[in-house]
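Consider the single chain below, provided in structure tokens and representing the form predicted on its own.
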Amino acid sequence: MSKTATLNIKDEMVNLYLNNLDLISEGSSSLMNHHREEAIQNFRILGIPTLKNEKYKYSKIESVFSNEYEKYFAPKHITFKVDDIFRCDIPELDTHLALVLNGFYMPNPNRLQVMENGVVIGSMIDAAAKYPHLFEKYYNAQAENGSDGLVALNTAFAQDGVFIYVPKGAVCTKPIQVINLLMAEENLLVQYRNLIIMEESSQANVLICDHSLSPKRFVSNVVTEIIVEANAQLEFVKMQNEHNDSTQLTHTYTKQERDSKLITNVLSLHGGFIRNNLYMQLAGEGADAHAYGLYLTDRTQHTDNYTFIDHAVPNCTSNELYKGILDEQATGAFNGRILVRRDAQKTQAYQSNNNLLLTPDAKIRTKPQLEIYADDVKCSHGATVGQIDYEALFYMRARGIGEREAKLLLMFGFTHEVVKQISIESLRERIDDMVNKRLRGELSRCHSCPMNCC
């Protein structure tokens, strides 16, 4: 795409914002509106990232915005029952459920659920009105609006999303499941915001499921901010399962305080174009971070993972493992950076990216990085790109296992190292099943979903 075309996209987005500012503001909260003007000014300067941007050098983001997309500035009235078109295929998984349709929170039955232990799940709009002190403290505190044009674009346009608050000492015994649904009669650009606050000594599991239910082009540009305070524990699992005409641009910012533990697991099972940004800041001594990722791509799909783990203080640990399998003409990228600051002594940080290429046309670019300014640390990083182990394949075939089944078993074992990190047993088993179906060439969406939109 030419420089002129990129500039036109930026101008179109700015004009769209200016022409619809009243609708955007009226359909959101004053606390979110407070950040819009600065964000759009940042976007004027930054624009859509190009290949000249080191963080985005492996993904042509500007081409994503070259199509015409509808933008909703209020919830679209769509007559349907969610249960009729989408049924979660994990019947054993008992969760607190939150539904988001095209970026707007759906009442279920209310837009704000307050549990007996004080846990809050609901719409960003309603939460901002009821908990302004939390919003003023945490909303937009981590997002890099001044350095990433996509994040600034989201801050300028986002009106709603999901708010999760786990108060001090509270333990959420049931997982919190957020289902993001895309459904429209026209191509659609969606931008929404998520905020997760884990107060001191709290515990929770959060599962995000992304699905597209219409055979249209979709672009999702989403920002999620996660705060894990002292001694708190959070497991955050994101499952991406959309059709080939979908694009996901996700930006997740996490900040951990003293002796906290955070596990993130991003499972990219299906999608036409996926770009995941993960920024983890270890800001309190004793913080423990685990970042896992799995991406399965085929046809002409593209998946790009960028991670940045910032060891800002001493005595913290991080463990990062991303794995990918690429088939046919699929492309992918992993760009992972670990920064150990000068005062972050006694740091332990480990990073690994492993990839299997099933055809000569599949391509992966991997760039693990360590940037260390402290001298008393234990750190390692590495990457592998290869094919299926033919010695192991020969061993299995010599014992009566067919070639195709042997390859599938080896690939399944390769992926399970990431999936097994999920602590919820019923979810882990279901993800294993979905990965197995995906590897066999079957659609990885829940088989009970009657939509056919791949």
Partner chain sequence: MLVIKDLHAKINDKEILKGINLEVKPGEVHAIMGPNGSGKSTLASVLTGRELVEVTHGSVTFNGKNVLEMPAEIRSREGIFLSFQYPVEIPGVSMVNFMKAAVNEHRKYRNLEPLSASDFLKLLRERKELVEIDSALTNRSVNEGFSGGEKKKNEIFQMAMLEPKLSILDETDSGLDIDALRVVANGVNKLKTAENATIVITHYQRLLDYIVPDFVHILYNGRIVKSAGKELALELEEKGYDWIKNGN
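Numbering follows the first chain given and starts at 1. Everything numeric here is computed off the predicted structure, so don't read it as measured data.
If you look for the form predicted together with its partner chain, you will not find it shown, but the lines that follow are about it.
Using a 4.5 angstroms limit between non-hydrogen atoms, residue 402 touches its partner chain in the model of the complex. Mapping the unseen interface onto this chain, residue 398 counts among the residues with a heavy atom inside 4.5 Å of its partner chain in the model of the complex.
A residue is said to contact a partner when one of its heavy atoms sits within 4.5 Å of a partner heavy atom; residue 392 meets this definition for its partner chain in the model of the complex. Heavy atoms of residue 388 never reach within 4.5 Å of its partner chain in the model of the complex, leaving it off the interface. Look at 422-430, 408-416, 28-36, 53-61: in the model of the complex, residues with non-hydrogen atoms within 4.5 angstroms of its partner chain sit in 408-416.
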